[in-house]
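Taken one at a time, structure 1 and structure 2 that follow are two forms of one protein chain, written as structure tokens.
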Structure 1
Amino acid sequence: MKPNSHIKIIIVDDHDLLREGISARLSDVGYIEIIAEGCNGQEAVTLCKQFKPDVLLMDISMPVMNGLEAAKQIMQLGINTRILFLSIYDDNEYIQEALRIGASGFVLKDVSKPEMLNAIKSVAEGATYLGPKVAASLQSSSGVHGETECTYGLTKREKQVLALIAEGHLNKEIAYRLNISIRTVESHRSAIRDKTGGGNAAALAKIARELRL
């Protein structure tokens, strides 16, 4: 994507009114060209195959085929189209799934015009753009600010031991690594089980994974 060159866009949304609103908003922007419009995921796939746009601006919840499924298929077309989702929901599941599939951006429908242009430019350049509310929503869930605080009241040492357990180390190895006795490791392990309610090593590994240790 060369700077200042045209950005070819396809808009896909099942609400006519919203599609017209977006068109109106983008039509007077010099570097943006709306080359097609569609109203469901199936059309999105067909239109992308045909027109190979730079950016696909698409809703998620749509009839016939939803945006996520459409995105999956479009990603496999091997074309250089960036997908920017436009949704009313700042639902974490959606956002994460969208990013996992390979979407380049996600903004909510209450987005301002400058922000929308910012987002379009960003994804057209190949960057990833998540709108303010989207980013906030994403962070609130995945325990971003410092600690998750669902650590079951584990102490530093216990977390340390738990991390090593989750790595698959034996008590013997953990003891060696931390320069403590096996009995101490067993004590910690016992405390960890008490606090977390975890059972065997695999269960503890699962908990460690949830705690991101």
Structure 2
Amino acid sequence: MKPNSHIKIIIVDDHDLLREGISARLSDVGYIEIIAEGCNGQEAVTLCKQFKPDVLLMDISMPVMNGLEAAKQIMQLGINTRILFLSIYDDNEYIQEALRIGASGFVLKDVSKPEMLNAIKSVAEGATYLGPKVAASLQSSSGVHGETECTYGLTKREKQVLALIAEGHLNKEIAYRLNISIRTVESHRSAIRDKTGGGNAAALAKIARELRL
């Protein structure tokens, strides 16, 4: 995604109220352009073929054709659309199958607006994004850890800050080591918490271990 460019999005969900709610939530975001909406997997395929969005925000359980089958067909179109699944289920089978097909992200429907925006931006920029609850569920399942790299959408600098937090360094020490201001460290720390769902230093240290930082 080029700096300052719009992210063109298609939203597909069979629940009208939920789809309209997501649309309303994103409508006031300047860099997002909602170009179409659909209510089943078949419509998702047709709309992607027609409009070639940057990101398809799609449910899994839908009539006519489910989201996973739709994703398979969309991946075969040869377009640059990134698929971000939005589901009420954190079922590992769903998550693994979505990633195996080639989806770029998977978040739960109860996500906050900041996390949803972070997920959209991350996948639009080419990263793989799993919401904190989804990542925790996936990593707790035997044999799954390591199959895909979940970065929570963290930038390189945020990973550096997170690694130093995990080592027990205070903001002042982190600022000195990275040659940045304390205020910048605090800003990175806040962004890390928003993206990972981690609260205190202990929780962030655990996430750092999960990411092998």
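By convention here, residues take numbers in order along the sequence of structure 1, the first being 1. In this text, the rigid core denotes the largest set of C-alpha atoms whose superposition between the two forms falls within 1.5 Å. Remember, it's a predicted structure, so these values are computed and weren't measured experimentally.
In this pair, structure 2 matches the form predicted alone, whereas the other structure does not. The two forms, fitted on the rigid core, differ between structure 1 and structure 2 by less than 2 Å at the CA of T46.
With the core superposed, R19 shows a C-alpha displacement below 2 Å between structure 1 and structure 2. When the rigid core is held fixed, the Cα atom of I192 travels 2 angstroms or more between structure 1 and structure 2. Look at N179: with the core superposed, its C-alpha moves 51.0 Å between structure 1 and structure 2.
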